[in-house]
Ligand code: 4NP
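In structure tokens, the next block holds one chain alone, the form predicted on its own.
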Amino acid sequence: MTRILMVCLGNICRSPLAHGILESKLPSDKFYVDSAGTANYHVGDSPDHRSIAVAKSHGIDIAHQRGRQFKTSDFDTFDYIFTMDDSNYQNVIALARNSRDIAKVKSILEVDDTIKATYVPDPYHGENSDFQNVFRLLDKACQSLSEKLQNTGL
């Protein structure tokens, strides 16, 4: 089974969306998707209600997810680790023990060459439209990632 981890800051906005979107695009018998945050602000919390709402409007249920903090052992558990922005990337890399750990970490937007954005903006202090924008961006990236994982690999 291929194991994929999505990582943002608090694990209540972006990474739960990426988790739910990618999970909806992959067969559960071959892929396991999870999410985490680099900070411990929301450990045990549900995703932000706006993330839940935008996911639900696209037929994806993320309400069951709970926030957790990224830990070094995640390098052993997961085959691929995708971060939402450069700060998340740097925080994850700082916990890496070796080059093998580092090789597992990529920005989620790197998987689709047609995406012009360089990071997934944090919608936490924004409006509902910011969450919709993040969903669209992650949906495009996750579609490309799903196709690559199921067809050719990364």
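In this text the structure is predicted, and so the values were computed from the model without any measurement. Just count from 1 along the sequence shown to find any residue number.
The same protein has a further form, the form predicted together with 4-nitrophenyl phosphate (4NP), not shown here; the description that follows concerns it.
Contact check for Y119: no non-hydrogen atom falls within 4.5 Å of 4-nitrophenyl phosphate (4NP) in the predicted bound form.
Proximity of L9 to 4-nitrophenyl phosphate (4NP) in the predicted bound form: non-hydrogen atoms within 4.5 Å are present. Proximity of L145 to 4-nitrophenyl phosphate (4NP) in the predicted bound form: non-hydrogen atoms within 4.5 Å are absent; the residue sits far from the partner.
Mapping the unseen interface onto this chain, G67 falls outside it, with no heavy atom inside 4.5 Å of 4-nitrophenyl phosphate (4NP) in the predicted bound form.
Between 91-99, 111-119, 36-44, 55-63, the stretch whose residues reach within 4.5 angstroms of 4-nitrophenyl phosphate (4NP) in the predicted bound form through a non-hydrogen atom is 36-44. Counting a residue when any of its non-hydrogen atoms is within 4.5 Å of 4-nitrophenyl phosphate (4NP) in the predicted bound form, the hits in 99-130 run D122, P123, Y124.
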